[in-house]
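Shown next as structure tokens: one chain only, the form predicted alone.
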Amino acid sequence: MNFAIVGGGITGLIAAKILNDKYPNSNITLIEKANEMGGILAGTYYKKQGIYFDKGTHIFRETGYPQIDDFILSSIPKTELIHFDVHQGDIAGAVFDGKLQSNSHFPDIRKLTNYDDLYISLSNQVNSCNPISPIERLEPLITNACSRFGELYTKKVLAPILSNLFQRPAEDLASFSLLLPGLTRIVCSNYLEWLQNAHNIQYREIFAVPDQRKLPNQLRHGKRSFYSHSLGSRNFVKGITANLESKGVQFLQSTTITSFNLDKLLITCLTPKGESLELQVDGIVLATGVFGAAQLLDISMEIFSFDQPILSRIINLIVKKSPESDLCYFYGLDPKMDFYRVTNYRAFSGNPKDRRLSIEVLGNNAIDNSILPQHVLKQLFDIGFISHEGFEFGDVVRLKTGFPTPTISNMQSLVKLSDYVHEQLPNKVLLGGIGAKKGLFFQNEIIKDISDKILERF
């Protein structure tokens, strides 16, 4: 059998793995328009300086599917692999109420002036007879959050945080905006009180453990994080690609699709050498996400009325002095912070002398790239994360696609676009990636989705 996969990100690579396992004697061709595989996981490599940065925070976590986890873990040499214990490798924090929280990335409201009122309101939510409302990604943020947390916390704390992060009125945002920085709980009790009530599932749904390092083992998800000593997520991409090539998977990089006949399952490509290549196949995986698929199918995006994405920039820095913090990453939940998230490589790269930081900035269009690194470093110095404002290397990378605004309108339009794309696809053409299913976005759920589809339908 012959298969074609369009898109060389993690979705396409895992699709190739699943197809190769199921049909070891088949011909599998993966087509990627960029000059390397991996998509965003390829990161940014500065060849002249010999320095690598991830594009955002990309610490891998086990999916829970041994076939996939073993494959990814074995893609790099054991000497390169950092396989953390369950309670390590994913320590997260936040800047909230003017302070850097290292105990949790959930808002710690215990020092807010209206803490007593907030505590009573949240306790009432927990003690009510109704189950805690799940986070429904497509629902309006205010409606869903009020049902889950109560009106007081939603309107006084949560809504201002998310409105500032995503630069839209909270009334415009979907509940999916909660999941992006992971604001699903609140720190509002001391550890002893939390421990005494932790047997109550409703309580744990709202009240976060006051110190993430003290979360009892029996309450942890059990999935281990992992990373590579050198080249981070890029190293896994290289290893996965080499593994698949050794099993006969063909990779076509810098290759453009010029014709795409769905009915005949025929793809015509233009190779880097300018040669036209025809692929007649038995099945196609569009591992491009719904937007890439729409582009391939020449679907006009105007009729779906998407909001404009937010300007997204990543500041890659080598600071003069390594931060002492064990936080792997933290979010800028405070309105005075001009960053979305900071990645601290020293905390998880296995190198105590690692001085790399990646700082994601959303919007803030008025701050020019020339002053952005120093501007944000001043903020990190003021909150005590770094002890020196200087840096030895700095670069600002603008992400071409921007950051998708998590508005109600966008989420609804994404579902409509996905439905429309699926209507055009015959049974032997599968769609994977962001938006391939309602609300689908995060890496591990995308991997599961494409794996299940291939096993069920091919």
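Counting begins at 1, following the sequence as shown. Here the structure is a predicted model, which is why all the values come from computation and not from measurement.
The form predicted in complex with a small molecule exists for this protein as well; it is not shown, and the discussion that follows is about that form.
The stretch among 38-46, 66-74, 390-398, 421-429 whose residues place heavy atoms within 4.5 Å of the small molecule in the predicted complex is 38-46.
Taking the partner from elsewhere, residue 137 is found to have every heavy atom lying beyond 4.5 Å of the small molecule in the predicted complex. Contact annotation for residue 288: at least one heavy atom lies within 4.5 Å of the small molecule in the predicted complex.
Although the partner is absent here, residue 4 is not a contact residue: none of its heavy atoms lies within 4.5 angstroms of the small molecule in the predicted complex. Contact annotation: residue 31 falls within 4.5 Å of the small molecule in the predicted complex, judged by heavy atom distances.
For the three marked residues, 175, 178 and 332, no heavy atom of any sits within 4.5 Å of the small molecule in the predicted complex. Checking 146, 244, 377, 296 for any heavy atom within 4.5 Å of the small molecule in the predicted complex turns up a single hit: 296. This chain lacks the partner; the member of 257, 100, 186, 281 within 4.5 angstroms of the small molecule in the predicted complex by a non-hydrogen atom is 257.
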